[in-house]
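Just one chain is shown here, as structure tokens, and it is the form predicted alone.
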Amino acid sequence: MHCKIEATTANPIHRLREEGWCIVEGVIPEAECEKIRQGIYDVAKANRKNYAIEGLTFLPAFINYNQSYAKYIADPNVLDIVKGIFGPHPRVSYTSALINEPGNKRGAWHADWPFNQQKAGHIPSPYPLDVIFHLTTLWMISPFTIENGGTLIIPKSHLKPTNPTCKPEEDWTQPLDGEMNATGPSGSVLILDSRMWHATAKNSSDTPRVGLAIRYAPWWLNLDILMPGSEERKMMVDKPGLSENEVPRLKHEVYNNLTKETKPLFHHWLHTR
């Protein structure tokens, strides 16, 4: 059954811990979303990664290509929640464009890094502690609706000790009990515990659903395995020939043009190791 999840800002940290998700509306003004939507779409399409699933336009390290949304990454409505989970020194781990094209295929259920068991840098399942290690935020540059493929989630699935990536041989594209579409007006942000089971939803409309995935990590979570050229990546990914997400370093000219509030979230991506 596909149900609409009502947006909520009441006790978002409590809701994240109990339900695994919350939605914050109005982070980017809707009029601003209208201005930046086409630019985000055009840049993502022009640089799309070919390994994305059919009908999905995906571009990692999107901050290097387009910064029209960058000042909002440190918006207090989002960052206060992140700091409430991780403390005063969170970092951004990913900035990715995620666009559901009309007629795209439904994706497989999964949990995000570092809980995806098919990636080299994962926390082994079963997870020993109920601790939020990583937050996935999905920014609704287009309105997210049931029709256009608002992300599918299963509330409270973050409390499970494992996720579907442990059994990739099974067909995890089928509907599951309790699944819902996360929906909201443009400018809203869906915040997920990265352990949450979620999936790409089918876009049955005739227009692309434009979104951004911006993920936040605590200061103590080692992100170096994601960075091309790092010693961790050479040892854990390149040498054994395993698979892992890739987040290229931030360009210095991009960093220099970020706001003073946003820069602390990205400084680690400038390091050369």
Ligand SMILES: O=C(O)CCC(=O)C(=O)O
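The first residue of the shown sequence is 1; numbering continues from there. All values reported here derive from a predicted model rather than from experimental measurement.
Just so you know, the form predicted together with this ligand exists too; it's not on screen, but the next bit is about it.
Here is the short version: of M227, A213, A70, M236, the single residue with a heavy atom within 4.5 Å of this ligand in the predicted bound form is A213. The listed set N100, S93, S142, N163 contains one residue whose heavy atoms approach this ligand in the predicted bound form to within 4.5 Å, identified as N100. Shown alone, this chain has one stretch from 76 to 84, 127 to 135, 196 to 204, 169 to 177 that lies within 4.5 Å of this ligand in the predicted bound form by heavy atoms: 196 to 204.
Contact check at 4.5 Å (heavy atoms) against this ligand in the predicted bound form: none of Q117, H158 and E244 pass. Not displayed here, this ligand is approached by T151 to within 4.5 Å at the level of heavy atoms in the predicted bound form. Within 4.5 Å of any heavy atom of this ligand in the predicted bound form lies no heavy atom of H122. In the predicted bound form, this ligand stays beyond 4.5 Å of every heavy atom belonging to R106. Although this ligand is not shown here, in the predicted bound form the stretch 56 to 92 places no heavy atom of any residue within 4.5 Å of it.
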